[in-house]
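Taken one at a time, structure 1 and structure 2 that follow are two forms of one protein chain, written as structure tokens.
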Structure 1
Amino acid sequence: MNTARTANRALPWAVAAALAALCFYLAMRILAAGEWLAAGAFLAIAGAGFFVYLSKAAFAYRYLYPGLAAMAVFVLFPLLYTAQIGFTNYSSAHLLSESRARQYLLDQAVPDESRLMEFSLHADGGEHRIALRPVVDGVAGAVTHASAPVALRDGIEVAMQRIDAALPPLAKALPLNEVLLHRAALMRARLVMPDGMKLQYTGVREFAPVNPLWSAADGGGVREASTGTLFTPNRDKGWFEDAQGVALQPGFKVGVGFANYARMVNDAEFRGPFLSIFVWTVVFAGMTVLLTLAIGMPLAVLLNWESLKYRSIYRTLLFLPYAVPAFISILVFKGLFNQNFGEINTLLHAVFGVRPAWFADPTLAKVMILIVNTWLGYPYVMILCSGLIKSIPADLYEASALAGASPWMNFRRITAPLIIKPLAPLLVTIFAFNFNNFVVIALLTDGRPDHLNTKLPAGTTDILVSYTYRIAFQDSGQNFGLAAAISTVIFFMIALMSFANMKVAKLAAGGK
């Protein structure tokens, strides 16, 4: 009994110690790769976890920790990190840190073609022997060097010996397909010649001495081996450059201050499309609110009219667009609106004799997006209004019926004034949601048709979020820094909308 209890108490500590060792090992590995920031963040999160679960002081946090950690790592941290990236030149041309970019250059090497050796593998017991034949004018001669039998493991150094009588004869060479099975090990193997020269794998049949293209120079620079030119790091631009300012690829990631933001304001070629995208984003979100309200609200009024039968059937059918997953219904519309094969143009052609170019004409594309988004969004507004109308006391309508008011009068004098206040904050939420409604743009038009003559591709139907996605992940050179800067601008707009939402909600609450 007593031992069982001791074991019960010891077990959690043993588990905790094992976990701590694991975390420590991982942190060390991350640190070894030079990512001290990631290692620090990891240790902080893990350390907080240990404190919470081992100390009695932080009792409530035992329940909160998983949720808080998940939100901190995958919601809060990405937001802050995005803001930070916005101040750097992080992009496909400036992907690595300075030390890793330098290491990349120092690892660059060319095989010495003049001293190429063709190799062959020879099975010997469970191990293999490697034999080399010098290549002269593209023709391999006789075997000059061979190794003792070795196990082909990763990262081996194989000592090569000159062929002489003391070496046992080689077995038959393995065919190429069997050699290829050992390719991974061979690629990392180094063959050490009798004179100390090291050969590396340079092709499926060859080993050769490899000459580095760059050598390390003082001050963090690199020197080109062939010309002796010194390239020093330029930490403002994020690349290595020589005295004439010729830059090397790859560059590295550096802070550029407000350069990405300055570009939004000062660069005329960028500002033009950026402004028109911003305007369209606001129009898109605003029009969506208006149109969904224009359809959703009357429907809600009708569906709450007690003289009308079959209301629950109508409600379900009208709710259907909201129940279909958006990624499917948006693509359905993409097909239906297709200029040549789409059913909508087939109908329009049959009735009016026209085939509008929904995807090629900017205005029509915008109209199409608004039609689709209204279709997607009106059921939500309908349900919201319906709930609000239900909460209006029925005696108000009875009184107005006694006074002989028309339905229009009822709506104008009773329904609308009573639901507009609680509805207002919800409309702000719908606006904010559509302001960032990436999916509908990405799946329907992908921002196309594009603006003509812009440095960075920009679409006429792009909204701000789809534009940043495009800058970061699509055709325009993966400019993460610029995309993150635009995202940060959007953060502020969302904060503004949240603030407006709170104000409106407070007003509504006060008005009740």
Structure 2
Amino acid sequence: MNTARTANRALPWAVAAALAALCFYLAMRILAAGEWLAAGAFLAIAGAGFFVYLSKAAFAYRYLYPGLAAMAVFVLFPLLYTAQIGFTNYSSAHLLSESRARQYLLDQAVPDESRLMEFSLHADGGEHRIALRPVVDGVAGAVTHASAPVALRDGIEVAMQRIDAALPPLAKALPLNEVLLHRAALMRARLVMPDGMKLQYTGVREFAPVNPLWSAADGGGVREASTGTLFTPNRDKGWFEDAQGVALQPGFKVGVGFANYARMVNDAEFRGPFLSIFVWTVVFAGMTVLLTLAIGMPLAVLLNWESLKYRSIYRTLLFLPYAVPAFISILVFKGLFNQNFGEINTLLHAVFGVRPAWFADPTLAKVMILIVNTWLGYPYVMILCSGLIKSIPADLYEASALAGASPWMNFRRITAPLIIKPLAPLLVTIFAFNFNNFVVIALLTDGRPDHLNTKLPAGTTDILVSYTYRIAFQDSGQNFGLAAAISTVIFFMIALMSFANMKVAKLAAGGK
């Protein structure tokens, strides 16, 4: 009985020890991959989990831990990781670590064409033999070397022997299509000649010795084999450079401090488009709020008019832009605004004789974006205002009617004052959403037309989030470090808006 009780008590601790060992192993593997931040975060979350579920003092947190851990993994860690990238030069030219970039250079080699050997593959039972023929002036001679039967697998070394040695005769050579089935193993194989020279796979039918282009040098540098030029690592810029400053590709990732943030302020050629895009982002989000409010609120008031016939039909029709997926509406509008074939320009040409260049003129492109985004957004504001109007006591309107007030007076003195306070935090939310409204920009104009004479491609209709996307993933050299810095700035802007939203909501509720 005591033995069974002891075993029952020991089992949870044994399971916990096994899980701890597994977590430590996974953390070490993550650390070995160079992801120290991810390894630290994983250990912190795992350690907190063991403390919460094994300690009686943290019993109350057992129900909160899954949610907190999920928030740390899916919210906090991506945020910290993005912010960390913003302090580096991480880009398409600086993807690797210094050690991996150095090893990439040291692995570069060229085949020695003067000692090229043509090979053939011969089946021998369940294994294979490799035969070599020297190539002279592009013509392969007779077989001079062959191997014993070997099992082809990755990374093997095959000893080659002269054909005059005591070797069994070769079977018929395999056709090319069967040779290609073993191409992966042949590419990683090394053929060792009797004199010790090693041959590598250099073509569909060829093996040859290879000459390395670079050799290792002291101080973590590399030396060019043909010229002897020394390239040392510049750990400020992330390149291997020679004495004249000539850099080698690929570069490597290094910390650059606040250089990406300073570039937003100090680099005049970057600051100009960046500030222009920032101003347009604020104008775009702000004008969207004003225009959707200017359309949505009057429609809500109108649809709440009891004497209006067919209100349900109107309400359904006016709600449709919100019910249709946004990307479909945007692509439809993109066709409607087409300069040569769009229906909008066809009507304008028929009435006024003009065909505006909606996608080529920066001002017209911005007007077009605001029109489309207002169409997509007004139903949401209309629904919000309709719900708020329903909460207004009917007694107020009845008293107003007895006093002979006009509809405009009702709206100005009753409806607007009573709905604007609860509506204010929702308008801040709409502003924050449109501040990062990537979809409408990407699908409608893709940020174009572009600014001219800029270091990084920047569109006149880009907002910050679409500009960041272009820097990170499109035509700006995939500058992940700079994009991460801009993303961090956007995060703090949205955080300030959220803080303002909470303040506005508190004031709307009557708090201080």
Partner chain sequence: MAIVQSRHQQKRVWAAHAFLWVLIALMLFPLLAVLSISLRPGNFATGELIPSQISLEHWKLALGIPHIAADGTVIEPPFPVMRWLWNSIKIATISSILIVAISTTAAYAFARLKFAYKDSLINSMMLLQMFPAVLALVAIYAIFETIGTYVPWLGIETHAGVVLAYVGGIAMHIWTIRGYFETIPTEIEECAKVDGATHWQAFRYVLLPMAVPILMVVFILAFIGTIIEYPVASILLREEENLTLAVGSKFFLSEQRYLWGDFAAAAILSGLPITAVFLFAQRWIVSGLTAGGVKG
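Quick caveat, the model's predicted, so the values are computed rather than measured. All residue numbers here follow the sequence of structure 1, with the first residue given the number 1. Between two forms, the rigid core is defined as the largest C-alpha subset superposing within 1.5 Å.
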Task: Pair member which, unlike the other, is the form predicted alone - done: 2
Task: Which listed residue lies at the hinge, 139, 228, 154, 74, rigid motion between structure 1 and structure 2 - done: 74
- [ ] Please state how many degrees the smaller rigid part turns against the larger between structure 1 and structure 2.
- [x] 16
Open item on the list: Please give the CA displacement of residue 354 between structure 1 and structure 2, in Å, after core superposition.
Closed with: 2.6
